[in-house]
Structure formats: structure tokens, C-alpha cells
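The data below hold one chain only, encoded as C-alpha cells and taken in the form predicted on its own.
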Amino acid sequence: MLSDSDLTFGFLSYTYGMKLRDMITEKRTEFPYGHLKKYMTVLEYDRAAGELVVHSGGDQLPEEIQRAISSAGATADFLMSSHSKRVLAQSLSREAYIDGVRRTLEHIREGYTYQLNLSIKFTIERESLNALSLFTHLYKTYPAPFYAWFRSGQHQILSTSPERFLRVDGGRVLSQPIKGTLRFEQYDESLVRVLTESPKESAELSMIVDLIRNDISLNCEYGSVRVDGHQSTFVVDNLVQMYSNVFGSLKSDRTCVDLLLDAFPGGSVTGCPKKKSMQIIDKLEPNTRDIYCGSFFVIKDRKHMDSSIAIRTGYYDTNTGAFHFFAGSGIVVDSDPEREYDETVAKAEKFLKVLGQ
């Protein structure tokens, strides 16, 4: 099926979120504040109808697109060579991360923040990595709702996010913040009860839901913001995760871009209060987050958009031959530093396994 295409796809970096909050980091950044693209042809699979919809500005598909469709599903060896170097580095060691959690707990007890997301940047040297094949392999092996592949300069970005940031559908707003994590080896339904009945994990989610409600209210009709399905759960990457649905109705004189910028970056990856938590994060994390904890989004028009939180996200630097990826956890007053480190590594586990670490 052939139809017109007028979609904008791209990302905003976490660094741009800092700028929006009047914060300037002194650390070296590798990405622009954002990168948006319009595409001549967009392929969309309609799962319900079982058909491929091709959105194109012309009457005929370019030959390159026809070749891509015919070869869809074919994958190469993403490691390409067993002789590539595989050196793992972490921006924060286990001991340094645990110390960072302890320092965060001091900030919480002093009243500067009441939840904060602390993360680690991992780096693996893979001089001959086929990043697109790695993306395809991850999608087949570790499916999640918001996969994204994007080239930006020398960087090839792989986002395997399970988290929706903001969706606007004809003015109807939905945000689905994730907070609360339980790793497992073998899934059992009792794990859901363990997670949802945890005071610590429940507090994490409730705090962020309250923050999201406030973030979207500025651009939503008065009285339209509501929460549904609080403490819902789903399974991804050998993790049981908890989330809620936050709804609203976009004001008639506001656009999805207004909503995106006023709520950016997502509260689930900062903590609350947002700006103070981001200031503390910048002091505790030795690296910049860049694309990590930013957002990928597709915009159709003023009242139609979908976007993700760029977690479970990494990028391959084609100039240096290094693959970088990130993981973090939310810290509240009753967090255990060692368990927070274990949770962070669990979220990075699929990248570590697939890349042979």
C-alpha cells in the first residue's frame, strides 16, 4: 500500500534538557542538542492488518528502498571478527557507584532531592562492529516497544527502550513512566506481587507519576490529567518492570512540541525535584549522558506524536571503534547501595552478554 509521507523522526539529547533548565555542563559532549530528519519513504508494518504500508512522497519507490524491502530480515555477523579488541570500561566502578548512591542518600536526607537516577557509562572497544546487525539481533532476541536506529554524524545509535515518554493522538496525551524493577532468572507470576508490594519500588513510581502529572499539566486542559493502571507491570530483558498511565487532553492552542519541550527530559530518568536532581547528577556522574536519557520521537503534525525515553540505549563511534552504552537506577531514601548497583548492571546485561563481556 502506498501513501503520502510527512513524518519527522529524530532525537533530543539529555544535554538539551539541561539547557532547557538553564544548566550548562563543563563536560565534553559528543552529540548535538538534537537531530531531526524527514524521510522520502517510510515503511510501516500494520500488525492488525498484516500488511506493509509504504509512505512515500512519489508515485514509485526508489530502487534503493525496493532492495531494502526485499532483503528485510537478512542479518550479518554483527561482531564480524573474533579478533577485535573487547575492553570494557565503566565511568563508575562498582565501588564508585556505591559511593555515589551513598552521597545521593545524603542529599535526600538533607532535603535537596527525594529521588534521583544515577547511571553508569560502559565502553567496549569493537573495531569491526556491524552496529546495524547488532540492532537487528537485539530486536529479535530482546524485543521491546520502542526500538530506534539512527545515524548522527559519526555515531550509529541503537535504542532498545521499553519506555514511552509522551504520545499525543489527536490531542489525547499519554505518558507511561517506568519505575520499579525486579530481575529474575525464571519468570513466575509471584514476582509481580513481590514488585508491586515493595514499599521502596512503589514509592519510586508514585513520586515520578506525580512529577509527570505536573509536567504535562502546563499544556493540558484543566482537570483532564488523570492516572490509570497505577502499578501495572510488564516483562522485558529478564526484568519485571512497573509503570503507570498518565492521561491528559492537550489545550487547543498548544502543540505536541510545546508539550515535549516543557516536560523534557523525562522525570523517570532525572528524579525529583527535576532541576535540583539534574544538578546533583551532573556532579556525581563523571561523563555526559548525551543521547542517553534523551528522547526519540516521531511527529506527524501539531496534534500527533509518539516518543520514547532513550534508556537501554547505546551508540557506536565509527571513528574510534568504541561502543558506548548506559544503565542506571532510581534512588530513594530506603535504597540499598549495593542492590542499586546490581540493578544497574542487570539493565546493562543484554549489551554485556551480546558483546561477549
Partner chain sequence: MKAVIIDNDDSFTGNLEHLLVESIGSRPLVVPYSYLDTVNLDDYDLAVISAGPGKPSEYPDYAALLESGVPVLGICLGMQIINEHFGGETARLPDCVHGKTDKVEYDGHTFTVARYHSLYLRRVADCLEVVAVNGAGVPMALRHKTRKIIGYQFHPESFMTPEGAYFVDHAISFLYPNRSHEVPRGRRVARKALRR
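Predicted model only: the values in this text are computed from it and were never measured. Positions refer to the first chain, counted from 1.
Same protein, other form: the form predicted together with the partner chain, not shown, and the subject of what follows.
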Please state whether every one of the three residues N117, K179 and V194 places a non-hydrogen atom within 4.5 angstroms of the partner chain in the predicted bound form. no
I'd like to know if E338 sits close to the partner chain in the predicted bound form, meaning any non-hydrogen atom pair within 4.5 angstroms. no
Might P273 be said to contact the partner chain in the predicted bound form, defining contact as any heavy atom within 4.5 Å? yes
Tell me, yes or no, whether G170 is in contact with the partner chain in the predicted bound form, where a contact means a heavy atom of each within 4.5 Å. no
Heavy atom to heavy atom, is R164 within 4.5 Å of the partner chain in the predicted bound form? no
Using a 4.5 Å cut on heavy atoms, which of C220, L239, L284, L174 is close to the partner chain in the predicted bound form? C220
Residue among L132, M207, L260, L92 with a heavy atom within 4.5 Å of the partner chain in the predicted bound form: M207
The chain here is shown without the partner chain. Which stretch in 148-156, 186-194, 124-132, 102-110 comes within 4.5 angstroms of it in the predicted bound form, by heavy atom distance? 102-110
Only counting heavy atoms and a 4.5 Å limit, does any residue of 307-333 reach the partner chain in the predicted bound form, and if so which ones? V333
